[in-house]
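To begin, one chain is listed below as structure tokens, in the form predicted on its own.
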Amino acid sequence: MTLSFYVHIPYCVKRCGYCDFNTYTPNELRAGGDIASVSEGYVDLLIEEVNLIPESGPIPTIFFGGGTPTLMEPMDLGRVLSQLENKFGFADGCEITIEANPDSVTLEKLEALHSIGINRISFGMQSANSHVLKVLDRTHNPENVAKAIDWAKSAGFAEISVDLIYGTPGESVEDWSSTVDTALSLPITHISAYALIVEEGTKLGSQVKRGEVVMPDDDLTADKYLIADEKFHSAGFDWYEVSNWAKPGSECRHNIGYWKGVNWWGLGPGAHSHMDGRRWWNVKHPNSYRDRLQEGESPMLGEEFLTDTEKESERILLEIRIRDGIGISSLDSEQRSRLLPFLAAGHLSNEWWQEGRVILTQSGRLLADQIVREILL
């Protein structure tokens, strides 16, 4: 058995208005200091959690997410990698990814990150338009994206990705089109593009609830997906998951693992893990995480064991989103019959259906959730 690893870095300088991730600013931690002071000793805790993990085979992929992992010192992240390598070993071609805020890196930091073994980087670009970034409450200067990506290229990163968000209140089709064009002008190998989801309890969620900002029409948001998909495809980026496109060979293997249900261990507060149908999660707050580990206890807060039915439902939910789709033979006759209207309407590939696969067409990707609901009735 092998495990992939997700390493959670729960710190941000400022919380974005749409964010409901398990992240914390110095003010939220009531520390009154900077990131360096609130994160002091955090890497030692991650290493303590690594020491609790049972032996397994060489690691195929590692992903540093957050939060803003690039706020941490590369030397400290390198200590985590060294501990993982010493205990489990790295598989040949181990993919090691880090998320980055364009404002939190320098050429020197990127060179240091690459030198410790990180070989893939994903920049949070979101938009090329300042007024859209302002609505999202993003802190970075859009001009810094190109600079940071050029630095990453110079530092030796061969796999560089950007994350985009579409459907922000006040974002026009022209705004989105220019964002896509700007992203494609950069020396990148991968793009993620997600429709904005307004979560309850966020700053943006409160603004929408009060009527201060108005979410765009669903049809307009769908049009933006189609615009992006066509532009990406024309530039040599093929979709391999509903919200992800890559140049050939540049797909994110770590995320593919999630969609295919591999085993992974999540390190850090609030991190989730999965092993053979068992799912568990850590305590959310960094202070609780620290207290548990300093007392020699597991940071696990809860767990669940998926039934065979739940495993199958999750398999369908995730695998239908990827380019390989799902095998028709894995569905029963009733499920297959419920898909026939989608096939007739062109939302499923007829060519692949004849080959025994359920694979979404471009229009089908817009209806992925609806199609899954029909299968799982």
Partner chain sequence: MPAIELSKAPQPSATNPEQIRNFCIIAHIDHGKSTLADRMLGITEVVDPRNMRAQYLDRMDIERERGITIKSQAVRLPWRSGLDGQEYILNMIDTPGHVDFTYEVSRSLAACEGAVLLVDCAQGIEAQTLANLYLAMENNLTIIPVLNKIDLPAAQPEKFAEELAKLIGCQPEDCLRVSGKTGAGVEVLLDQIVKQIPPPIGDANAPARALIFDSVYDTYRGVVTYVRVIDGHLSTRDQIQMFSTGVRHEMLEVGVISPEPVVSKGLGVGEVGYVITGVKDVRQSRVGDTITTYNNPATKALAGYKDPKPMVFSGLYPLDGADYPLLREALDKLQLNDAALVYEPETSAALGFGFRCGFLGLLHMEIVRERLERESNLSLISTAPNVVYRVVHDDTKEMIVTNPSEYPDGKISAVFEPIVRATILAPSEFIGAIMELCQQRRGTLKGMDYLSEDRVEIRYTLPLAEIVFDFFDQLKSKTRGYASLDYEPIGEEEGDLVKVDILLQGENVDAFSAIVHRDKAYAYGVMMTSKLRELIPRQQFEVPIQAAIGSRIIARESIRAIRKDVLAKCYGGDISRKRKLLEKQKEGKKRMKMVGRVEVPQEAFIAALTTDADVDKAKAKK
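Predicted model only: the values in this text are computed from it and were never measured. Numbering follows the first chain given and starts at 1.
Keep in mind that the form predicted in complex with its partner chain is missing from the display, and what follows is about it.
Interface residue remark: Leu367 is counted as part of the site for its partner chain in the predicted bound form, having a heavy atom within 4.5 Å. Mapping the unseen interface onto this chain, Glu199 counts among the residues with a heavy atom inside 4.5 Å of its partner chain in the predicted bound form. Although the partner is absent here, Ser178 is not a contact residue: none of its heavy atoms lies within 4.5 angstroms of its partner chain in the predicted bound form.
Contact check for Glu174: no non-hydrogen atom falls within 4.5 Å of its partner chain in the predicted bound form. The candidate stretches are 49 to 57, 36 to 44, 324 to 332, 308 to 316, and the one lying within 4.5 Å of its partner chain in the predicted bound form by heavy atoms is 308 to 316. Of the residues given (Tyr240, Phe88, Phe237, Trp264), Trp264 alone sits with a heavy atom within 4.5 Å of its partner chain in the predicted bound form. For the options Asp217, Glu297, Glu230, Glu108, the one in contact with its partner chain in the predicted bound form, meaning a heavy atom within 4.5 Å, is Asp217.
Residues Met1, His114 and Arg120 are none of them found to lie within 4.5 Å of its partner chain in the predicted bound form, as judged by heavy atom distances. Contact residues in stretch 327 to 343 (any heavy atom within 4.5 Å of its partner chain, taken in the predicted bound form) are limited to Phe342.
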